[in-house]
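Next up, structure tokens for two forms of one chain, structure 1 and then structure 2.
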Structure 1
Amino acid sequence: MNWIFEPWPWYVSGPLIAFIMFLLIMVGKNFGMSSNLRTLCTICGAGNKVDFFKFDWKTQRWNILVAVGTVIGGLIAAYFLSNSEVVNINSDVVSKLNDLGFESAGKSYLPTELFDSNDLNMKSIIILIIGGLLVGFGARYAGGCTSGHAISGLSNLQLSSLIAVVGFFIGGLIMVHLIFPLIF
């Protein structure tokens, strides 16, 4: 059973993600996490101002429960199913990140430079805010995120999802290769 406490390899994780999609289809729902961001807007009352958020959020209650489960799953995995939080990324990537000022590369799960709650500086807060805004805006504009397009949509052979996933990669490559050298 020791393997459970080690990081799971891709050939275990990938099929399990397909299994999650299968389970959701078989209970008559669909796999898409970013819809919850819209539902959260509606729960906060956004429907009074903007029509896009005017819907009965209770129809999305099931997906909010999936999201709550995801939080609990993260807690269980991090506190009870892991004996190390080091992510063994490629050594070239570690040195590249070290050059950019990420000393925590290869030593932690998330970069402490951005996610250390005891040592949050203005720059990391701004980066997290901009990152979140782009993810939320982009996911809804594109009509889905990694789960809705890259997994559900592509599995259903949707051309629209292929365009979206190509977009995800164009955006990611621009950020990492062109913008990171300017901000880090």
Structure 2
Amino acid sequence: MNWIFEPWPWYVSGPLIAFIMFLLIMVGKNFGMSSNLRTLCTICGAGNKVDFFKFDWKTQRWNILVAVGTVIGGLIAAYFLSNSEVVNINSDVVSKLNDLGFESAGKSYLPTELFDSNDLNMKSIIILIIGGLLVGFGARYAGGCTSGHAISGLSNLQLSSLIAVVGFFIGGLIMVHLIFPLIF
């Protein structure tokens, strides 16, 4: 039973994700987490002000249930089904992160320099706010988030998702190699 407390290997989790995507395709659904923000805004009445939010949100109830299930499942996994061990990171990556000022690399599950609420400073808050706005804008502008394009879009063989995923990787490389060293 200890297997449930360990990270699942790609050859288990990958086919499970593929099976879910297959089921969604078979019932004619397109999965996407970021599309739930549009649905929630519509439920809250945003359609009264902006045409983008005027649609029948009830057709997306299943997607909201998936999002709620994801949050609940994540909480259960984090609090009841994990052994609180740190993520096994390559020693070269740990060394590079240490050089960038992340002393917690390889010692904690998340970098405490960014996510420790006891050590939250103005620089971290500004970075988190700007990062959140850019991710939200990018997801809306690209017609979906990284998981929506990479998992759902590619499984539907959408060319736009392939282009978006290539753009995500190029953007990630630019961020890690050019912008990240300037920020930290």
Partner chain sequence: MRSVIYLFIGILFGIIMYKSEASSWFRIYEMFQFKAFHMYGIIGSALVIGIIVIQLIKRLNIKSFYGEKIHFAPKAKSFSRYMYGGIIFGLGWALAGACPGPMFTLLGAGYLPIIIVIVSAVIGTYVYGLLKDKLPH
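From a predicted model like this one, the values you see are computed outputs, not experimental measurements. For clarity, a rigid core is taken as the largest C-alpha set superposing within 1.5 Å between two forms. For numbering, take structure 1's sequence and count from 1.
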**OP:** Report the structure number, 1 or 2, for the form predicted on its own.
**Re:** 2
**OP:** Superpose the two forms on their rigid core, then report whether the C-alpha of Ser34 is displaced by 2 angstroms or more between the two structures.
**Re:** no
Original post:
Any CA movement of 2 Å or more for Ile125 between the two structures, core superposed?
Top reply: no
Original post:
Taking the rigid core as the reference frame, is the Cα of Phe53 displaced by 2 Å or more between the two structures?
Top reply: yes
**OP:** Check the Cα of Leu23 between the two structures on a core superposition and give its shift in Å.
**Re:** 4.5
Subject >> Following rigid core superposition, Cα shift of Ile64 between the two structures in Å >> reply: 2.5
